[in-house]
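Take a look at this one chain, the form predicted on its own, written out in structure tokens.
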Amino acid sequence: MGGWAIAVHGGAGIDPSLPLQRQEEACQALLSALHLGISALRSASSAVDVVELVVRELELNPLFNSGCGSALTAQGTVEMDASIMDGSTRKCGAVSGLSTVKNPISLARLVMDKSPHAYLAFDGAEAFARQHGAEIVDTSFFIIEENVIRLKQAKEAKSIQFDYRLPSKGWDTCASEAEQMVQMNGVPISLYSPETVGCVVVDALGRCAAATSTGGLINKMCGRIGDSPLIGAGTYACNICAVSATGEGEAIIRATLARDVAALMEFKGISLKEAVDCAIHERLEDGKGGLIAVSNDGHVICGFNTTGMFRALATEDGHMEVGLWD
């Protein structure tokens, strides 16, 4: 196939009742971010620069659960996570527990480029951000009224919310249907979208990179860290491929989902599509989620076992897709 390729996602687990306007808004936002990445690739930007650029754009859009619009913890606070990996060098950077850094993905990039470490969290990550001139804003920047309401509803239903968009049918039915809801370690989870954002790229030189950013779960325990900042779980890139995952973080962590795609290609010699299908439908077991992936030969694949996943992709030969459902 050859040439560059790019994919972005805005979360897996779409409720079929999500209002059409919301669906269209999310697709347009992903398409805008995709075009931003395409333009950078056509200007010969590196894969790692492009994934940072695209995820920064999505972090500033309150439609998504990353940066502005992040989910709220049980205490009503924001704790954002992000990670980035350059497949050509296998260098990576990750951050967790951020509450004032405007673009978590760019702080993850700073950790990768400017620190001796791969992962910084909470106060240490915030201090590093100030030390290196990352843009700092008041924590209120990330909190939108919709999520304040959503947290209140989650507390009333004694539920962790897998995502953060308000359902169109009202919350009153959710508590009574808790037994039918997806469970996370025995706790009901509501499924609405969009949510976590991510981007994967292979550039014209065959270099792969991945980036993922999230606000986590509504009503999560303070200090909870999901898959998004964990290299090998929510994000992974090497000289063969790049992967960004989204969905039920605890299940993705158990499956080391992103790394599994690369390992299947590396050790079994199978195609990107075969590796993605195996990871999603066999390795994820009873968990729900999805992923986007590119290979160094310009292939791009999206896979999920949920009702849908917000995603958009493009290749150098002119192919482009934007989708929600299977």
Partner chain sequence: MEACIMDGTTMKCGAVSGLSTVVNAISLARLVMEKTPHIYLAFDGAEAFAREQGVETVDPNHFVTPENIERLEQAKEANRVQIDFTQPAKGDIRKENAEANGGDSQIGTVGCVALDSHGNLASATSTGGLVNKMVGRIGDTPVIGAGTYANSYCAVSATGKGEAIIKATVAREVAALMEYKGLSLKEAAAYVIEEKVAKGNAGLVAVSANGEVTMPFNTTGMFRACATEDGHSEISIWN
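Residue numbers count along the first chain shown, from 1. Every value quoted in this text rests on a predicted model; they were computed, and no experiment measured them.
The form predicted together with its partner chain exists for this protein as well; it is not shown, and the discussion that follows is about that form.
Novice: Which pick from I301, L41, L264, A26 sits with a heavy atom within 4.5 Å of its partner chain in the model of the complex?
Specialist: Contact residue from the list: L264.
Novice: Quick check on this chain: which one of I231, M112, A154, V78 has a heavy atom within 4.5 Å of its partner chain in the model of the complex?
Specialist: Flagged contact: I231.
Novice: Kindly indicate whether M85, H117 and I253 are, all three, within 4.5 angstroms of its partner chain in the model of the complex, using heavy atoms.
Specialist: Yes: M85, H117 and I253 each sit within 4.5 Å of its partner chain in the model of the complex.
Novice: Using 4.5 Å between non-hydrogen atoms, is M221 touching its partner chain in the model of the complex?
Specialist: M221 belongs to the contact set for its partner chain.
Novice: Does any heavy atom of L217 come within 4.5 Å of a heavy atom of its partner chain in the model of the complex?
Specialist: Yes, contact at 4.5 Å.
Novice: Residue-level contact is defined here as any heavy atom of the residue lying within 4.5 Å of its partner chain in the model of the complex; does L72 satisfy this criterion?
Specialist: Contact with its partner chain, no.
Novice: Using a 4.5 angstroms cut-off on non-hydrogen atoms, would R56 count as touching its partner chain in the model of the complex?
Specialist: R56: no contact with its partner chain in the model of the complex.
Novice: Any idea which of 121-129, 145-153, 206-214, 100-108 reaches within 4.5 Å of its partner chain in the model of the complex, heavy atoms considered?
Specialist: Looking at the partner contacts, the answer comes out as 121-129.
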